[in-house]
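Take a look at this single chain in structure tokens; it is the form predicted on its own.
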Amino acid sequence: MDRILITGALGQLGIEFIDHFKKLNSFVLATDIKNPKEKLSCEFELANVLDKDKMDSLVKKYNINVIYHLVAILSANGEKDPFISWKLNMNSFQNIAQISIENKIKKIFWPSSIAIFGTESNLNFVSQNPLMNPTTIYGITKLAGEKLMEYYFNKFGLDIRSLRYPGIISTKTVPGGGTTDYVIEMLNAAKKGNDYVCFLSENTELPMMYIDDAINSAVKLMSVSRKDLSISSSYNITGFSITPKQLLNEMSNNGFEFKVHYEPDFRQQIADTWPKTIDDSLSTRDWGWKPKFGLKESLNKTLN
């Protein structure tokens, strides 16, 4: 039986993973640096993943054998203090890797991001292994993590699996400081009947994914045999691509009447180095990936 540790468990992905594994009656230990506002449906420990000894003791105490390591400072927030971002993103990764090697953890899931790409990556349709020149500290840490994944697998046999997530659409948690947060912010504004000031230009196309697809894809990836995986870093994955203008039009078609004003800020420069669409055919070939949610289906779930 899997005994699962989720770090950064109170974030956008963590809450959804907890709900998913609860339905399967799996054992889950959630950790975060703050206490949950509501009681969780699993074990919870207040812990900072930068405290290696604390995390190691929790792995031993709860007999953990699978880890979902979700801790990260995201793209936009990361630019506010790149030194802190590097420390948290990379030192937490290293701690989890070392703990996993020492405790013989059988599998780790660690999310990467489309932020690893850059202007040399053919942004109109990004392949699995293009030239990568990330322009944010977040993207740099994710690319470094991917290289470490390959290294630790080859040197220690450490089984870390990863997806290069696009923007994730979910309204259960507040936006976490990412460059694709405009989607969630626009949805929340529409629900409240408020106008919205968008920090990206109206025709900025970026790949997105509904939260259910994000969770199910990770669980699917974690369930297949390692021998079926052709790469040791992170898999490209996507759901659909949209612009703020397309999102507004689709929401208008759903009966929401509100205005959007476009005032691009520093996040526009980040978005301009990210893919418009993504080639995720390797995920389809290796482990059967297929998204269930397009834009219409995603909005139906979030607006109703």
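Just so it is clear, the structure is predicted and the values come from calculations on it, not from any experiment. Residues carry their position along the shown sequence, with the first being 1.
What comes next is about the form predicted in complex with a small molecule, which is not displayed.
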property: All of 14, 74 and 142 within 4.5 Å of the small molecule in the model of the complex, heavy atom check; result: yes
property: Of 221, 206, 88, 160, the one that lies within 4.5 Å of the small molecule in the model of the complex (heavy atoms); result: 88
property: Option touching the small molecule, based on a heavy atom within 4.5 Å in the model of the complex, out of 182, 165, 152, 210; result: 165
property: Proximity of residue 18 to the small molecule in the model of the complex, heavy atoms at 4.5 Å; result: no
property: Non-hydrogen atom contact residue 48 with the small molecule in the model of the complex at 4.5 angstroms; result: yes
property: 4.5 Å heavy atom contact, residue 34 to the small molecule in the model of the complex; result: yes
property: Contact test in the model of the complex: residue 95 vs the small molecule, heavy atoms, 4.5 Å; result: no
property: Partner-facing stretch of 98-106, 189-197, 165-173, 119-127, counted where any non-hydrogen atom is within 4.5 angstroms of the small molecule in the model of the complex; result: 165-173
